[in-house]
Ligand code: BES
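First, one chain by itself: the form predicted on its own, in structure tokens.
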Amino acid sequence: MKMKKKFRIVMLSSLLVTSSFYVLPGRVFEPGIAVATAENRQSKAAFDQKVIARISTEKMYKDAYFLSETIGPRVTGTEEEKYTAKFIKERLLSYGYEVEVQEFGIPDKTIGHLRTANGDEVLVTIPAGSAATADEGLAARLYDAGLGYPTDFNTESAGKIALILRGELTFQQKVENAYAAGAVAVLIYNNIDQASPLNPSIGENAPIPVGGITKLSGEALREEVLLKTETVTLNVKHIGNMTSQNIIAKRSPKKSGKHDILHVSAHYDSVPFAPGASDNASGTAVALEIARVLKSYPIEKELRFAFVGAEEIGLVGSRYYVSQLTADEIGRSIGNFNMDMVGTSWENATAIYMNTVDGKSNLVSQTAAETAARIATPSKLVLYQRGSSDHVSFHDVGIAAVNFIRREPGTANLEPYYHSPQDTIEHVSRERLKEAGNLVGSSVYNLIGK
């Protein structure tokens, strides 16, 4: 059921001065109830303090550290992702929640490794459509094929792995030209500096194995391996029948009956090669801490935490979660607080963006804005139209949803470590974890507490 009520609210100018809320140019946002009674303000403030006093910065930081530095990259479908799900499940059970594991299928994937003759690992992305190698991998010498034009090949390229620079031709054309010249595989390296390996789009059913690597790796292979006529080993394999999982924790009011439902969500998977400290160990850690704080407080609405997998491959986990909600549950759902990258220490990310799919305010964003004004949240709150996170799945079934994420005001840029091997714990801020926990935790409790 879509939220059709319009919240007509007048905000006092004095509140706008003291609040950290920021309105985007050209957008109208009505962040709070106009004139609340003194009793109501005191009640909400009391709820705030019950949460804020217990939110532990060190517990959140410790969890973010464990997820990113001890477990590391938590790629969808991998053992690391499954281990993370087990960790979250056990933690929530220890808090006394009713916990459900939702397992779901994910698309087949292609993975690979690239190693030099002396055993050095080279970061490589295997694009969809790449051919596989034998189980033991493909060991061959490299051939410098320039930009991959037909004239860049000769008889020397046969039986070798073509090393090709990105640019001018499509990735598919480069692969086809290499195959026609007798190359047994292709490595395409970037022409710009990026931390993560290139992920070339090559279409379906490439005739030979293909990998994408960084500019730095390509240049190093060309200068240090190719010139020494050493071999590299490329291993590519297809994996099918893979699964991921959501971990769902529920807590209902003691009074029986059907109650309104409030959802708090965060994804715990990461992209390949990225430890995922900010994206999204930070959001996961904050959600776990809010679950700890709210495990025993009296509530009058049902609270659900959805720790979802497979976000990074297209919001698969959250879409599965909402697909399992009944029409009655959707009708009783009042909102979704989704947290993603809330702990980055990037100095330019001074604002907490409240992304909604349609760019309009809703119960969740309004509640957060009111909370921010009461607790004097240090960062500005920005209402912004944006998808690209799990709040989309909730919005699509009519549940008011907001993605809380830190961005640079004005540009809306994400941190420069985004989706890279540099997304490590050193770029996570204790203070910003606490700020997110205070803001979202207090907002949630003000909606469900009694």
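If you're wondering where the values come from, they're calculated on a predicted model, not measured in any experiment. From 1 onward, residues are counted along the sequence shown.
Separately, the form predicted together with the ligand exists; it is not shown, and the next lines address it.
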Practice task
Find the only residue in S420, S43, Q49, S388 having a heavy atom within 4.5 Å of the ligand in the predicted bound form.
Solution key: S388
Completion exercise
Students should find that, of V382, L414, I425, A400, the residue having a non-hydrogen atom no more than 4.5 angstroms from the ligand in the predicted bound form is L414
Handout entry: Options 321 to 329, 299 to 307, 155 to 163, 337 to 345; stretch whose heavy atom lies within 4.5 Å of the ligand in the predicted bound form
Key = 337 to 345
Handout entry: Three-residue site E312, N355 and I405 fully in contact with the ligand in the predicted bound form at 4.5 Å by heavy atom
Key = yes
Problem - Partner proximity in the predicted bound form: R74 to the ligand, non-hydrogen atom cutoff 4.5 Å - result: no
Exercise for the section: Evaluate H263 for contact with the ligand in the predicted bound form, applying a 4.5 angstroms cut-off between non-hydrogen atoms, and reply yes or no. Expected result: no
Handout entry: Contact of K174 with the ligand in the predicted bound form (heavy atom, 4.5 Å)
Key = no
Exercise for the section: Can you tell me which bits of 231 to 268 touch the ligand in the predicted bound form, meaning any heavy atom within 4.5 Å? Expected result: H267
